[in-house]
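Given as structure tokens, the chain that follows is alone and in the form predicted on its own.
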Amino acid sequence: MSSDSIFVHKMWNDCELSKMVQEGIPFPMLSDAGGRVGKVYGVYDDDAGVETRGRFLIDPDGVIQGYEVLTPAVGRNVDETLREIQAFQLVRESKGTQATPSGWRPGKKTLRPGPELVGNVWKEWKTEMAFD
């Protein structure tokens, strides 16, 4: 979603996205003309009339679980967004009995939250979760 019009979205899709994403993006692009939604999320710049680039990960209950807002000169990382969605899904499915450390990927070891983990994350990190 952006404050760009549907016509700008079409031009962006036809001239840029279609050359980068073979089958096209698998979701609709939404226009927030006037920035009403952007104002609610605090990313609309009234002076410039545009929204700052960002993403909001919202769970099925409508609760924001994560967000990132970047200046226009810095690109976002789709792989990291997907990793975070998978991590949020795993934690939700486990009803909070599992936690995912920084850099966690599906199939990697998770952590068990609890008092015994406090001050000992480094041990788990060192033995099981070293950087790939």
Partner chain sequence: MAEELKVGCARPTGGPVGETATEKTVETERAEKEVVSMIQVGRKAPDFTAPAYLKGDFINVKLSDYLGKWVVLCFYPGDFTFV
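Note that the rigid core is defined as the largest set of C-alphas that superpose within 1.5 Å between two forms. Numbering follows the first chain given and starts at 1. Remember, it's a predicted structure, so these values are computed and weren't measured experimentally.
Another form exists, predicted in complex with the partner chain; not displayed. Remarks below refer to it.
Trainee: Taking 4.5 angstroms as the cut-off for heavy atoms, does T81 touch the partner chain in the predicted complex?
Mentor: Yes, T81 lies within 4.5 Å of the partner chain in the predicted complex.
Trainee: Does the partner chain get within 4.5 angstroms of any non-hydrogen atom of V118 in the predicted complex?
Mentor: Judged by the heavy-atom cut-off of 4.5 Å, V118 is well away from the partner chain in the predicted complex.
Trainee: Counting only non-hydrogen atoms and a 4.5 angstroms cut-off, does V21 reach the partner chain in the predicted complex?
Mentor: Contact check for V21: no, nothing within 4.5 Å of the partner chain in the predicted complex.
Trainee: So, Q89 and the partner chain: in the predicted complex, are they within 4.5 Å at any heavy atom pair?
Mentor: It does: once the partner chain is placed as it appears in the predicted complex, Q89 has a heavy atom within 4.5 Å of it.
Trainee: Does anything in 1-15 come within 4.5 Å of the partner chain in the predicted complex by heavy atoms, and if so which residues, in order?
Mentor: The stretch touches the partner through M1, S2, S3, D4, S5, I6, F7, V8, H9, K10, M11, W12, N13, D14.
Trainee: Superposing on the rigid core, is the Cα displacement of R112 between the shown form and the other one 2 Å or more?
Mentor: The answer is no, as the C-alpha of R112 shifts between the shown form and the other one by less than 2 Å after core alignment.
Trainee: Quick check: G96 between the shown form and the other one - does its CA shift reach 2 Å or more after fitting the rigid core?
Mentor: No.
Trainee: Against the rigid core, is the Cα displacement of G42 between the shown form and the other one at least 2 Å?
Mentor: G42: C-alpha displaced by less than 2 Å between the shown form and the other one.
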